[in-house]
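The form predicted on its own is given below as one chain in structure tokens.
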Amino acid sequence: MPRYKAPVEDVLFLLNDVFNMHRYDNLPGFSDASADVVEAILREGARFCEEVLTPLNRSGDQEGCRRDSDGRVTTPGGFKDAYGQLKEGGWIGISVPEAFGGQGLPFVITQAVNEFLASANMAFAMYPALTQGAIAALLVHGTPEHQVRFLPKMTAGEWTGTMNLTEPQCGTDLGLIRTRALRQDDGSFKLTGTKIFISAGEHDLAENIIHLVLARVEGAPAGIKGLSLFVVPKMSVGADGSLGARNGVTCGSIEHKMGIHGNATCVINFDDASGWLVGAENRGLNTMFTMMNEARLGVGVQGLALSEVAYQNAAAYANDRLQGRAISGVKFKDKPADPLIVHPDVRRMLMTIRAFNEAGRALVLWTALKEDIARHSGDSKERQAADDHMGLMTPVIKGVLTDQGFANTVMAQQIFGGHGYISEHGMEQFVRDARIPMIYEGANGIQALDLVGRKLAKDGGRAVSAFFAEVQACVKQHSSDPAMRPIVEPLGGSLAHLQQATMWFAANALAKPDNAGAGANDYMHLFGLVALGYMWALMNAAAIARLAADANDARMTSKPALARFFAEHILPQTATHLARIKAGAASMMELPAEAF
């Protein structure tokens, strides 16, 4: 059975040594998040994930969810009990304001715990993660009545949440949505329509499900400008929070899918279902983006999480499995063969995955800290800079971490050889589960177009210019340090590639937009490599400082080697991405459609 150990020590290193989160103790929530409290939360979260959720991952995948003839859905065996423990532990409400029953702690802690949950059991972790996204949307856009009626129960995990966007005829192009909302005399609406691919859309874990639904009010403009967002509970909710009759919300079927079998991905039918407007009418997409942006960060975490658990199992296998002899000579003379770990190509794969995982985790936590600053700082310039960072990094984290996360699960599977292809070791499940994060919450091609088409030019390029300046300052600061030069010199070269690509788009994409579309994916990955390289520069500097204080710190001794590996073996890919971008769209668009 696959194993998993939550990377608590790495998270603590990032929070305390790399990002020094306690310098923000003046912000709400941070003063309560002392080092001891944060460590206790992470270790208890790790224990829950390792002991409760990991053992259910494979069985949940094999059993899947079941739908009865009346539309009721049953989750795999053990999920309901595990969800009860999740509720009891208060894991959904770590960062929800105390006024609604949460702990009011920094968002960065929630993201760290969510990585543990997704590594241990991604299908299970999606139930609370979607609830957290719905809570975020209602916190920002819900009326005080909505917040009092729904948030305490959702925070406690007694009710869960979903987001309902996709319909049979539209995925990315939400302007084609047909679900309609008819205005009622009491200010509510009656919603009718069908939504598909609704994760956690129906289940037996909670007594109510709060759906956030995009629909079109009768008479609204066509396209995305006519969409509104509604809160639609599965069970009617009284003003005092009590449950009433069943609303007109039913599960029509469960999707048969490649992975995440333990999560109920549903077709949801709305038949004159009572709902209430969230935010302004005809501004539903803007309102939903509060939930979608948080969900996209969460999906990026899923890519990282599956890469991490796949790495852990591949590394253990490489140390145990005897296969052949080292090309440099026998290493284990007392054994009939050497373990896989002696082979350079096996190490190449493991180092590639691990170097990505550690930098990806840093990028996620750095960005989550920016979310805390954007929410809570009293300095308007600091809030603006943090919000700029969030907007810029969201498509990068979602696109790059899920693309590479999937590639890493395949790479980890390769280390197992044929044993990785059969189900016994669990690697094929990681591969299947890792495929969906590249698709949902906006397919990665859309993330790349969002980055190139919207985020680069936004506010005159303020966000990307700030990122370039920050990385350049790091390179300049450490360029004379022999211990840092092997990392920051290649990083400086890759930053120059990113800046050249940005300028090439500015010169060549306005007159010919296909050039932007053709190079967007390469640009997103080029940007991601520079961001991950910057994380390695920061981690390497922090590790060197730790080693100066304690040369025997075994955990820190691996950091410089991983940083050099990333700089030598992974960062050079930026040159290839730049060459592809500069090639433009000509050959890509040359063939007529009928030639395909």
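These numbers were taken from a predicted model, which means no experiment stands behind them. Numbering starts at 1 and follows the sequence shown.
Quick note: we don't show the form predicted in complex with a further copy of the same chain, though the next part is all about it.
Every member of the trio Gly171, Ala337 and Glu568 reaches a further copy of the same chain in the predicted bound form with some non-hydrogen atom inside 4.5 Å. a further copy of the same chain is not shown here, but in the predicted bound form it comes within 4.5 Å of a heavy atom of Lys257. Using a 4.5 Å cutoff between non-hydrogen atoms, Gln413 counts as a contact of a further copy of the same chain in the predicted bound form. Among residues of the shown chain, Ser34 is not one whose heavy atoms approach a further copy of the same chain to within 4.5 Å in the predicted bound form. a further copy of the same chain is not shown here, and in the predicted bound form it never comes within 4.5 Å of any heavy atom of Ala506.
Stretch-level contact analysis of 198-206, 68-76, 273-281, 347-355 against a further copy of the same chain in the predicted bound form, using heavy atoms and a 4.5 Å limit, identifies 347-355. Only one of Asn293, Ser377, Thr250, Asn521 comes within 4.5 Å of a further copy of the same chain in the predicted bound form through a heavy atom, and that residue is Asn521. Note on the partner interface in the predicted bound form: the residue among Val140, Leu176, Ala483, Ala99 having a heavy atom within 4.5 angstroms of a further copy of the same chain is Leu176. Interface residues of 417-438, taken as those with a heavy atom within 4.5 Å of a further copy of the same chain in the predicted bound form (partner not displayed): Gly417, Gly418, His419, Tyr421, Ile422, Ser423, Glu428, Val431, Arg432, Asp433, Arg435, Ile436, Met438, in sequence order.
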